[in-house]
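In the block that follows, a single chain appears as structure tokens, in the form predicted alone.
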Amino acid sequence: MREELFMAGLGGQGVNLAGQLVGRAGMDAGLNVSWFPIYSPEVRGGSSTCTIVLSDGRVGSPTSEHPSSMVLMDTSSAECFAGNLAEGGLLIVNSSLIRHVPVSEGCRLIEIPANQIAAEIGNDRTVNMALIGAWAAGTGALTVDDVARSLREMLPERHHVHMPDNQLALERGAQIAREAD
């Protein structure tokens, strides 16, 4: 098994936290992992990307020219990166912010209204979790439970009060992804 996930959005949307979480969940599941973040110098509003490679074999490179899956959180990321998805890949987009996405033929597109989900939950910080839940269900590389368990271990104790909201966002994103297939 080898899954190459590319995530992109704006600084402050939790792209790198989500990427770090996927990497941690992969390690906890016994996979070899690399996590390669890139972000602009702005604290909020600049571009933020990361590539996570999960594999049961060796990870030769922490980057991927044509990743097998993508999670795109904003319009500029969709415009810049969607065309790099591997043939037959999975594209998860935040449909609350992305109205049009160029999708290559043969690729699967799952649109997740992540900002809407977060608003319904009452916690704007769960946008990234809704998208990661959809990714987990869409790829099968990890389960939602794998991700939630690793999130609890990764977050400082003071943030555990938000675990029910994060769990709900993960499950809601996963549910939408399962219904899309």
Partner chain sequence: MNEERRRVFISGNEATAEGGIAGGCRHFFGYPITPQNKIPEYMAEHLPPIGGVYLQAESEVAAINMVYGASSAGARVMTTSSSPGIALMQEGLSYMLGSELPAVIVNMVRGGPGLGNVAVAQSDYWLSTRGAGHGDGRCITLTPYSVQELHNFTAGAFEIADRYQNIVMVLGDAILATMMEPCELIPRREMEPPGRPYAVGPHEAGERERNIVNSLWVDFDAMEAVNIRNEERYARAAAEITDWEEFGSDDPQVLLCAYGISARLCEGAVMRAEEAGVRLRLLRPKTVFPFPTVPIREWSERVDAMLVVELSMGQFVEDVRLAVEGRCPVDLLSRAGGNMPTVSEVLAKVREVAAKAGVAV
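Because the structure is a prediction, the values reported are computed rather than measured. Numbering follows the first chain given and starts at 1.
The same protein has a further form, the form predicted in complex with its partner chain, not shown here; the description that follows concerns it.
S.K.: Is R2 part of the interface with its partner chain in the model of the complex - any heavy atom within 4.5 Å?
M.R.: Yes, R2 is a contact residue.
S.K.: S34 near its partner chain in the model of the complex, any heavy atom under 4.5 Å?
M.R.: Yes.
S.K.: Residue-level contact is defined here as any heavy atom of the residue lying within 4.5 Å of its partner chain in the model of the complex; does Q167 satisfy this criterion?
M.R.: Flag for Q167 set to no.
S.K.: Heavy atom to heavy atom, is D124 within 4.5 Å of its partner chain in the model of the complex?
M.R.: Result no; D124 lies far from its partner chain in the model of the complex.
S.K.: Is its partner chain in the model of the complex near all of T75, P113 and Q116, within 4.5 Å of a heavy atom of each?
M.R.: Judged in the model of the complex, none of T75, P113 and Q116 sits within 4.5 Å of its partner chain.
S.K.: Since the chain is shown here on its own, which stretch among 116 to 124, 144 to 152, 131 to 139, 54 to 62 would lie within 4.5 Å of its partner chain in the model of the complex, judged by heavy atoms?
M.R.: That would be stretch 54 to 62.
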